[in-house]
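One chain follows as structure tokens, the form predicted on its own.
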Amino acid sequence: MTSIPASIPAEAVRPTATRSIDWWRWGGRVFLVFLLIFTVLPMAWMLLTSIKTQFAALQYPPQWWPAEPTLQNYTRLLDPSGSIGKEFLLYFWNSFYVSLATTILGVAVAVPAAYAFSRFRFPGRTFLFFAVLLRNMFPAVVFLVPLFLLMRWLGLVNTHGSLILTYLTFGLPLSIWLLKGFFDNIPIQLEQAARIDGATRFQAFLLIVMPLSSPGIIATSIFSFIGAWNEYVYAYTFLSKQETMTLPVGIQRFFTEFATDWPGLMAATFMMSVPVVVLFLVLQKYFVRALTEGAVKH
């Protein structure tokens, strides 16, 4: 083993490693700041455009900060007595209803399915699990025509049921895969101890497994809700009646043949992003815990 001569102080050897670590640390900070700017700048521009007038939004060079900011676009969207506000609130409710129903049904199906894949051993288990994930290997648009024909045969076109069934088709594989990972990390000895104390398997699942996997269930719910809330292609294809349209399809009314109402469009888009941001902020601690818990081996 090579030792440092007594004549050379230890402090003279350390600065090189410390300096290298500092460079990496500062490089990471600069990169994070760049990502933050890259993420926040479009949102800030959208918010600033939403408080401009149509004339100010079309000015060139563009005004970064509006000279006369106005909330007229938001009051117009949230006014239930006006035609635009009435339609916007209807689209908003349709999106919320479809997303919430998709999330509840998706979690209700994914939780027992993921638990079965995690705890039970049966013939074809591995093949069936990867067969469930096989659907995610293809773009969603590939299934557009077959699903439309199926929904028309079922009489579900122009109904919210068609979207809920479709979103379940695309959301369940990811939900099952995520939840299986959480169930795998819960020691089976906890359930065995509950069974020894007289609990049934269902009681052990309900009282032991479910509370411990709550971060994973919440994270899965967030993914499912956001996926249904932002989906456009299937909502545009399946829904042609105005009273059934969801928000991503409904905000097309701000596009016209000759001029686009950019401030109104930005205000509607900003309002559309509010529920997702609020949902994430409220459940942030559970979401972060769910993302980090999978890295711990029990």
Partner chain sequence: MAQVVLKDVVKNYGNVYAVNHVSLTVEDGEFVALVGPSGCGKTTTLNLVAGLIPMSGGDVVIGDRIVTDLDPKDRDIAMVFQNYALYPNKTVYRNLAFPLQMRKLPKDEIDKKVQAAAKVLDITHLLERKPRELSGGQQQRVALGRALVRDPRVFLMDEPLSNLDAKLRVQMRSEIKRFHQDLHATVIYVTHDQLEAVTMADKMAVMNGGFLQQYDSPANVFANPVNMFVASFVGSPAMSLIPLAAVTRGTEVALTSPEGWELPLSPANARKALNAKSPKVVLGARHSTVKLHKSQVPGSVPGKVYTVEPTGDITFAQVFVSSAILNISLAPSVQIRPDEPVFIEFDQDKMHLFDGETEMALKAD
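Positions refer to the first chain, counted from 1. It should be emphasised that the depicted structure is a prediction, and the values quoted were computed from it without experimental measurement.
There is another form of this protein, the form predicted in complex with its partner chain, and it is not shown here; the text below is about that form.
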Task: Residue among 193, 218, 104, 78 with a heavy atom within 4.5 Å of its partner chain in the predicted complex - done: 193
Task: Non-hydrogen atom within 4.5 Å of its partner chain in the predicted complex for each of 72, 85 and 89 - done: no
Open item on the list: Can you tell me if residue 212 lies within 4.5 angstroms of its partner chain in the predicted complex, counting non-hydrogen atoms only?
Closed with: yes
Open item on the list: If we define contact as a non-hydrogen atom of the residue within 4.5 angstroms of the partner, is residue 100 a contact of its partner chain in the predicted complex?
Closed with: no
- [ ] Check whether residue 155 has any heavy atom within 4.5 Å of a heavy atom of its partner chain in the predicted complex, and answer yes or no.
- [x] no
Open item on the list: With the partner left out here, check for me: in the predicted complex, does some heavy atom of residue 208 sit within 4.5 Å of its partner chain?
Closed with: yes
Task: Stretch 197-215 - residues with a heavy atom within 4.5 Å of its partner chain in the predicted complex - done: 197, 198, 199, 200, 203, 207, 208, 211, 212
